[in-house]
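A single chain, nothing else alongside it, follows as structure tokens in the form predicted alone.
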């Protein structure tokens, strides 16, 4: 009996996330320096902190893409659910005196409830109307936090977290925070992958392509869109809880519409509607934001003529230029780069006579 040969390339394409996950788990034990990419060795507290933030925002962008790339819903209020997880958990710790895990559970629950309530209202609108309603809700939440009603949100100063577990506080425990961020990423990727491949994910695809056809088939798009909205909001609230651990408190910057716009940039940068694009975009954007901030304040930039020093000393300017370059050079996002390279390689390998 002839045994078919094992297609190694096919196995690698299917199972490469497993060894990649193992590498990510073991990173805190590495002392490998990456000059230019990280300030210190990979396993140093500063590097792990940055890597953990990259993982959190990569996961957050992946969850946001459930709305934008998978269902075709442009929401400007996604930051609200991230902030709900952060602030609700912080308030349960500081005001109610609960332990971290009960507080985290209530913080997650607050994100679920808020996404369900606001989603049920917002999704009565479509297109630009939906985007504007989500923006209005987000702005209301941001104003509420900054006005600091009753002195519970800390206003513009934010709210420092107290009562966190000792194993999650201090630079000596940065590795634990990194692993929690990695666990959040895994939960998000598995949740998104499972739902996208399920029957409901196929309905989302139909809604994105042509919502009217879905209605003709006898399905109610509203219910399916609400599921996507609540799931994305739940994952965002969970990310807010993890972010609270990484930063040691809640900040009003996470409630603004600018925060949601950053998520939109991450998704477009990586590749909307793709499996790995939002993750790649979130990681690259977060890393570039931190590294370009260091570059903007460096002596190299300070020594340039004012016509160059002024714009280059602004990290947002550098990020904007980088984003424009990527969008023009890679219209499908960074995730589409391997396919473009393979297509170009194949076209070059085919003789001109055959192409004609």
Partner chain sequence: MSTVVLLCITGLGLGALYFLVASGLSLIFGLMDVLNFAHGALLSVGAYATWWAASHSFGYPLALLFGTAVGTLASVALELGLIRPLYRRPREQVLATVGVGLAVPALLSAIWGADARTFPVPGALAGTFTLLGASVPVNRLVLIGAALVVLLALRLFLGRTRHGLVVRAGVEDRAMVTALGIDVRRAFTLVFAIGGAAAALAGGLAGLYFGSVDPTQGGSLLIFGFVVVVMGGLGSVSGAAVACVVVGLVQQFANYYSTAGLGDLSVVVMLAALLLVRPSGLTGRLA
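Residue numbers count along the first chain shown, from 1. This structure is a prediction, so every number in the text was calculated from the model and none was measured.
The form predicted in complex with its partner chain exists for this protein as well; it is not shown, and the discussion that follows is about that form.
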item: Contact assignment for its partner chain in the predicted complex, among 91, 74, 246, 219, heavy atom within 4.5 Å; value: 74
item: Selected contact from 191, 110, 274, 257, since only one has a non-hydrogen atom within 4.5 angstroms of its partner chain in the predicted complex; value: 257
item: Contact test in the predicted complex: residue 317 vs its partner chain, heavy atoms, 4.5 Å; value: yes
item: Residue 136 within 4.5 Å of its partner chain in the predicted complex, heavy atoms; value: yes
item: Residue contact check: residue 311 to its partner chain in the predicted complex, 4.5 Å heavy atom; value: yes
item: Interface membership of residue 54, its partner chain in the predicted complex, 4.5 Å heavy atom rule; value: no
item: Triplet 21, 104 and 238 all within 4.5 Å of its partner chain in the predicted complex via a heavy atom; value: no
item: Contact segment among 318-326, 54-62, 25-33, 38-46, judged by heavy atoms lying within 4.5 Å of its partner chain in the predicted complex; value: 318-326
item: In the predicted complex: members of 135-158 within 4.5 Å of its partner chain, any heavy atom; value: 135, 136, 137, 139, 140, 143, 144, 147, 149
